[in-house]
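First comes one chain, alone, set out as structure tokens in the form predicted alone.
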Amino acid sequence: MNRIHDPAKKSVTLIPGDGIGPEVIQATRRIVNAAGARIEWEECEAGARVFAKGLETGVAPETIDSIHRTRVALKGPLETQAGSGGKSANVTLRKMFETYGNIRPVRGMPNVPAPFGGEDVDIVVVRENIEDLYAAIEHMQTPGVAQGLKLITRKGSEKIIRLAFEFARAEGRRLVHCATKANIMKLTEGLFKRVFEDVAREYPDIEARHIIVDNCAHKLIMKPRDFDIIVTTNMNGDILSDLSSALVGGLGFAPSANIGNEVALFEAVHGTAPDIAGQDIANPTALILSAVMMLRHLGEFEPASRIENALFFTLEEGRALTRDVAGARGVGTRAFTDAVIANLGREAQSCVRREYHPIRLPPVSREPVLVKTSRRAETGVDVFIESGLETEALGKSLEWLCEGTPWRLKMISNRGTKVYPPSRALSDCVDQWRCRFVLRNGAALDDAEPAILELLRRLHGHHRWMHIEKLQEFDGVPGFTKAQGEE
């Protein structure tokens, strides 16, 4: 389709999505246009109809081209097949355009029932969006044991943590919590915590606190007003942001932005709700607020404020509330949209006003980051083996196989607990074993790989192995964890 571009307007890729997506997108588009925002829309496809055409990503090539061109997208919810079939179109878009930061504001609104929070709740969850377990690097190690790799990088952690602090400055916030499970996952979640502590020193105007993620979930319910901004890893952030949205009425009121250095994607958090699609009863509030975030990202601060104020006034007035809020007396999607448009220029009295400023995105090099150490050593190797042998028999077999090599069997663990040499642990074992071999008598090898290959050669024909992990030390610090019960 030929299109004459108006240079005074900013182009935005518009993805209606699935289920109620087209309805809430149409409502939001009408309001953005009525508010006088200088936006030119490029409507594109992703989701169910694209999957139906046989594209496993769920994203049409034309849509990818459009986002490369516009650098900004507003999208409705997209259908994803659970458990099998194509990949998540949502994840495809986030990862393809390296939108590493997921920003989820959680703000109480007038006349919206909130059983645990209230109108004075005002929190932002800043979630890492690319790595962690959601990198979805998974393997079936045996027919009955699945493995997922949890990847946390220093570069990825620095990016999201700096974004959280910069977002705090842009909105005049004064406190950033870092929520991790570093007390258990000391290397992965621990790395995120250590980077947070390093970066926080660069922002002396903002208070920085660490909190264990389960304690964070507890306090969000008990004392949500103690929080301002929470920055966390990918899966933690997915869970905490959904929990937080319940404080202010649910996912129907939860906007989000996926921010990258080159592309930004804005979307409601809620799903496609196919059971109510096409019935003119969907609540468009979450997507409207996502569009407000988009307009601020584009520098359209005045229309963004007009829309936000009109939306809050409509809710405060209470004359045109959607059915998820008002029940049978509620109005439909189109009538709610009409009310917001009619209220452009009006302001709610019960909402605290916040000054917004452009976010200064931290500069990020696209070059791979090589974290250097002054000293490194390889001290052993973990070999993951599939076996139906009893623990004692497996241990004796491995000790026999490594005789005459630089290696000795230090221990075997099963599901993270040491089971050999025998201990008093009452472990319920499966057929996947982590077998830890270390160098005899603390010996060091300049090049351990030939010895590792010889060890694997000896294991071959006796045991089925899946993968190995080198046991490395960096500047004298072990780069691996011990099994539960390992000395």
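The structure presented is a predicted model; accordingly, all values stated were derived computationally and were not measured. The first residue of the sequence shown is number 1, and the count goes up from there.
Beyond the structure shown, there is the form predicted together with ligand ATP, which is absent from this document and is the topic of what follows.
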**Request:** Name the stretch: of 138-146, 269-277, 366-374, 104-112, exactly one has residues whose heavy atoms fall within 4.5 Å of ligand ATP in the predicted complex.
**Result:** 269-277
**Request:** Only one of Val292, Val231, Ala282, Ala89 comes within 4.5 Å of ligand ATP in the predicted complex by heavy atoms, so just point that one out.
**Result:** Ala282
**Message:** I need to confirm a contact call. Of Ala348, Ala200, Met96, Leu251, which residue comes within 4.5 Å of ligand ATP in the predicted complex, counting heavy atoms only?
**Reply:** Leu251
**Request:** Tell me, yes or no, whether Ile20 is in contact with ligand ATP in the predicted complex, where a contact means a heavy atom of each within 4.5 Å.
**Result:** yes
**Request:** Find out whether any non-hydrogen atom of Asp324 is located within 4.5 angstroms of ligand ATP in the predicted complex, and reply yes or no.
**Result:** yes
